[in-house]
Each structure stands twice: as structure tokens, then as C-alpha cells.
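Presented below, as C-alpha cells, is a lone chain in the form predicted on its own.
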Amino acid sequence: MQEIGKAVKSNVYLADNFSDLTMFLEKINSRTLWVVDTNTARLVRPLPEAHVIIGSNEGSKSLKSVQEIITAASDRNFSRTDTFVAMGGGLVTDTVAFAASIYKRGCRLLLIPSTLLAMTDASIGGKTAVNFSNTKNLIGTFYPANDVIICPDYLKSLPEKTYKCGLAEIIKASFLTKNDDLMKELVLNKDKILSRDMETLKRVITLSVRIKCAYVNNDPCEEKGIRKALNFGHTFGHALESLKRMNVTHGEAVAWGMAKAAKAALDKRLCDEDLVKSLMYLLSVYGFDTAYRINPGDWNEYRRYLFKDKKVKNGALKFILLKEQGRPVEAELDEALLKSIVADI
């Protein structure tokens, strides 16, 4: 068990298998509203009477879905002590968590992440969000779940592309700590990780969650600047995801964004080449394409999405760069450098 936050604590549990997960769910002593997407709905048979099914595409991470969830709870006269249960990937956990945070000013929340990305990142740390006006995560709150149950058995049936999304966040975590345990797992057990060996994945997930929890515990609501480090690669990546003509997953965008952030740090002489080579090696062996460059005609749109980022303050956009493993820093990048890093000019 890992505790997150201060005022509100999330208990994060690692279930050994589906039977272990079922035993935990049988102990819930409140009414529950289950929310799943069209992909995970087939994993819950039969679905509880009180349930909502939302779409599995990014367009469903919306205020419309939040309204559906809250309407279902309100129609059943759910109280603040009743529980919203979200089972699915980050799209589902982020959306349901936001709905829980505003329903009657906050009700109980249980997250059951079903993707590697959600297990190691989206469900951990209390950030909730929905997209708005073609912008990723524009509307959100801080609202830690009461409980998060991670069951790696879900990973066995994931499509390859969906599975790999989470690997980008795990690679990110390995560079945000001076402890080498996670990085050693990524380097030495690549084949086991890619083949989804359960025992290896349990270790990798546990190490990754501990790294994120350490940042969250020290800065639960991103007030001290410590937690911003978790945005490594995300500022570049979120803007890429928002480009209308792009069709990239969150993991692919974050991997691309980390490569661009590494190049920026090298150009600014913040880090040495060995750090960049280490990062690029891991991104490469896990199959991420980081060579893509934005067409000149897309630069203005890409730049516009960059400056919609939540980290813009007084018109200045800050990026998370690395000085060395475990030493993230915040830095501004001038437009000329930005364009040279990401655009095909």
C-alpha cells in the first residue's frame, strides 16, 4: 500500500489477480455507480444495474460524459458517501474522478485502472480532467481517489498500441529519480516487459507508482513546484496530441515530447550527451518514433496549443528539462529554439 497526499489520502493496492480484485470489491459497503467505456464494458459481466458506459475515444473525455455520470447518480439519489467506480484507461479514470469531485462537492471514488498508462500515471496522484475546446485537460480539479486498485491481469488482453502507451510514462518515471532500480528493470528486462511477463510487470508498476507518489506526497496540489517535474515531455506532447490532423496516442506523444525536451536541454547545455543517449536508447528499444517533425504549415497551430498549456504564466511558457537523471528543472525556451527543435524548417 502507498499513501498519497496529505489532507486526502489515496490507498493504492496491487491485486495479485482478478480473484484478489473481486475480494476487495465485495468489501465495498456503499452504493456504487460503475462507469466503464465501450472497451472495458465487456470485462464486467453482468454490469451492475447502476452504470454508465461512455465512448472509448478522446472525444468522450468531455463535459457531456460528466453530465451523463452526474445525471445517473442524481436520478438514483446518490449521497456523498456513495461511490463512483471507474474501470478503464486514463480517459475513464480522469473523467469519472472529475465528476466525483463536483458531485455534491465530492463523493467517494474508487479507480480500477485497466491500462498500463492508467495504472502507472493517470489514476495516481489525484489529478482529474476533461478536454474542452480541442484542448487536452483544460478543465479539472485535484481530487485523490479513496482507493486505487491495480490488477496487472488486465494487461494481458490489451492491444499492443494501448499497452505501449504506459511504457512511455514508465520510462519518464525512471529519469525522474536518482534511484536506478526502475531503469535497470527497463534495460535488463526489456523482452519480459514487452512480452508482458506478469511478475516483471508487478515490479515495474510498483517502482513506477512509488516514484510518482514521492512527487505527489511532497506537492499534492502542485503548489510548491515539485510536482511539475511529472510534466517532463508533456508540454511538447500535449500540443502534438491536440493537432487535429495528428493521430497519436498519449504515450507516443509523451515519448516524442521527452525526446524534444532532451534536445532542448542539450542545446541549452543543461545536460550532457550521455543522458540524452540513455533516454533515446530506451525510447528506441521500446519502439517509439521520436524523429517526426512538424510541417511548417502546422507550426502556428502547434504553437497555439503550446500556449494553452496550464504551465503558461504571465505569457511565459515553462518546460520541464533534465540536468541529469533525477534532477528536473523548469526553463523557458525562446521561440526560435522551440521551432528548430520540433518543426521541419
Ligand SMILES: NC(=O)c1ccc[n+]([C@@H]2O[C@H](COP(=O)([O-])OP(=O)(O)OC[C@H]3O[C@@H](n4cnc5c(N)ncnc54)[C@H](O)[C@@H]3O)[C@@H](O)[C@H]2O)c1
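All residue numbers refer to positions in the sequence shown, first residue = 1. All figures in this text were calculated on a predicted structure; none of them were measured in a lab.
Below: the form predicted together with the ligand, not depicted.
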property	result
Interface stretch in the model of the complex with the ligand - options 76-84, 157-165, 176-184, 271-279, non-hydrogen atom within 4.5 Å	157-165
The ligand: the contacting residue among 108, 127, 228, 260 in the model of the complex [heavy atom, 4.5 Å]	127
Position in contact with the ligand when the complex is considered in the model of the complex, options 145, 170, 255, 122, heavy atoms within 4.5 Å	122
The ligand contact in the model of the complex: residue 309, any heavy atom under 4.5 Å	no
The ligand contact at residue 220 in the model of the complex, heavy atom, 4.5 Å	no
Partner proximity in the model of the complex: residue 43 to the ligand, non-hydrogen atom cutoff 4.5 Å	yes
Residue 237: touches the ligand in the model of the complex, heavy atom cutoff 4.5 angstroms	no
Residues in 50-81 with any heavy atom within 4.5 Å of the ligand in the model of the complex	56, 58, 61
